[in-house]
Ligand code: CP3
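The chain that follows stands alone, in the form predicted alone, written as structure tokens.
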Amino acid sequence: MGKIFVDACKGLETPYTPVWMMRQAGRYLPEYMAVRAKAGNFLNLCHNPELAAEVTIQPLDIVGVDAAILFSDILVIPNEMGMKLEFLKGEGPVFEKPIVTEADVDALIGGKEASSKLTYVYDTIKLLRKQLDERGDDIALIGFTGAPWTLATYMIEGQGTKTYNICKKMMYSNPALLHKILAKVTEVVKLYMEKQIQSGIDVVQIFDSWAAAIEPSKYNEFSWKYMVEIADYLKSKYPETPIIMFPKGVSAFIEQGLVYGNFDVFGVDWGTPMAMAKAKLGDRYVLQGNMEPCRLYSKEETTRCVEALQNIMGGKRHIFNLGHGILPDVPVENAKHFVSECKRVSKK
């Protein structure tokens, strides 16, 4: 028997439409908070394969999803490229010395050297592969990375931002420097994802969380083409490994018919109408998504949305998911309700 989630990524017939959630191993689960407390802090948890594997598996047993997504963080990449990272309470991730000059870019650790420092991630995957295989329930394991643009925003701004003005100042006034950063990050990401596949993941997801910060006419140049380059590299070596692209907030880019590339699944964010995504992309890619995460606060609204998505997609070439990550204060019961409703409406 194949893994239902992998089959769905390949557009094959499945007994029901599989479902998982972004950030499903996270703060809404008391069990996760207990493990995080044991680890001491968030980065320690990412660096501890046994604990990272434990929280990866929690949502399978508690919520009943059809795929496990590796517990890690996108910022381990710039961290291992030589940028000192801290997670500060109330502030989130902060880099001690953001990138300002070309010399800063040249000083970054690149390619093979940086990707080989991420051993704790590969060890977590190997442990998970063993644990999931022993369970025998055909649950797929998703590996992931941030897209080069999303990673670059943190590396240039030094932390999360609402305006992206430092990045965008570079985009318009010194595009060559921004492209140099993006190219260097892309090389690390390619090797990082390759090692994740070699360690035992079934599916790759590339998150471009901050895609909406770029105007549609510039999106391909500064983000999408780098994501496509990563997908091409992986597909040339691992053609059987499905790839999911998830750029958040690019409704206009989709509408203009600008989405292209050698990948399998397109993650649709909650701000993009699913019917439009299906009309533009549904014949080329399996679609994943796209319930507004805040609907999880209401079981009735969750059911309404799940039924509407089922009506649009008809149980074909679709994976149920949220249109972004689950929020920390969502009741666990409501997450379970979402998963069971997805299975109920799509059961063949």
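Residues carry their position along the shown sequence, with the first being 1. Note that the coordinates shown come from a computational prediction; the quantities given were computed from them, not determined experimentally.
Missing here is the form predicted together with the ligand; even so, the following discussion is about that form.
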Heavy atom within 4.5 Å of the ligand in the predicted bound form - residue from K299, H47, R27, K280: R27
Check each of P175, G136, G92, G257 and return the one that places a heavy atom within 4.5 angstroms of the ligand in the predicted bound form. G92
Would L70, Y154 and F207 all count as contacting the ligand in the predicted bound form, using a 4.5 Å heavy atom cut-off? yes
For the chain seen here without its partner, which of 121-129, 266-274, 181-189, 209-217 has a heavy atom within 4.5 Å of the ligand in the predicted bound form? 209-217
Exercise: F144 in contact with the ligand in the predicted bound form, heavy atom 4.5 Å: yes
Is there a non-hydrogen atom of A252 within 4.5 angstroms of a non-hydrogen atom of the ligand in the predicted bound form? no
Heavy atom to heavy atom, is L75 within 4.5 Å of the ligand in the predicted bound form? yes
Do F87 and the ligand share at least one heavy atom pair within 4.5 Å in the predicted bound form? yes
Does anything in 12-48 come within 4.5 Å of the ligand in the predicted bound form by heavy atoms, and if so which residues, in order? M22, R23, Q24, A25, G26, R27, Y32, R36, F42
